[in-house]
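One chain is shown next in structure tokens, namely the form predicted alone.
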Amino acid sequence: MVRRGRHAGAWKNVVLTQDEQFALKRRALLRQAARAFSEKGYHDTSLTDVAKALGVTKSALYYYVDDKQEILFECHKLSHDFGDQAIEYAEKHGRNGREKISLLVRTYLELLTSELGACAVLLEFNALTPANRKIIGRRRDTFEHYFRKLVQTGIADGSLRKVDPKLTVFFFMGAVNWLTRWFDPSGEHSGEHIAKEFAGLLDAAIRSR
């Protein structure tokens, strides 16, 4: 039996195929669960909490996911999908290292903040199972290595000053991880505004003088 809650609107049926409806509802589940993980922590959030927020029974959730670990893993995968999209956009539209980094940062943050649930789990990496942590760790390393390469490219083409590529990436990722703790989609600043400001701050710190 389905109960109606304040998030139940995300589960309303529209004119979609069965597979599309499944994907839409599963995405809503992942987003809400990750927000709950961010607020209470992964270990202190139960599937009952998630079901209550969505306005459905706990048993209804098992049609979409097997357990909490699957939710956490899928949210991490989504976050890295956003990273891949940002890389593709930066490569397509950036003309040098500096431009590609600015585009990468802005696009990545816009995508993350548009799906707060996805970015809210980034600090829960250690809660993944060893097997899932290995998979996500590889994707994280791929993103960070690409970012370092962009810094090196910018230094070589003169668009960036001589900075440490590894520390530059750590600086940015540290800001992103902390963002998951304070960003409020209904707050003073929109995700788009934050993405623009963060990109500008990083650019000001590393661009060539």
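None of these values were measured; they are calculated from a predicted model. Sequential numbering from 1, following the sequence displayed.
Not pictured, yet referred to below: the form predicted together with a further copy of the same chain.
- Although the partner is absent from this view, E39 contacts a further copy of the same chain in the model of the complex, with a non-hydrogen atom inside 4.5 angstroms.
- In the model of the complex, no heavy atom of G158 sits within 4.5 Å of a further copy of the same chain.
- Although the partner is absent here, R140 is a contact residue: one of its heavy atoms lies within 4.5 angstroms of a further copy of the same chain in the model of the complex.
- The closest non-hydrogen atom of S59 lies beyond 4.5 Å of a further copy of the same chain in the model of the complex.
- Not one of A28, F73 and L78 is positioned with any heavy atom within 4.5 Å of a further copy of the same chain in the model of the complex.
- Contacts to a further copy of the same chain in the model of the complex (heavy atom within 4.5 Å) from stretch 159 to 187: R161, V163, D164, K166, L167, T168, F170, F171, F172, M173, G174, A175, N177, W178, R181, W182.
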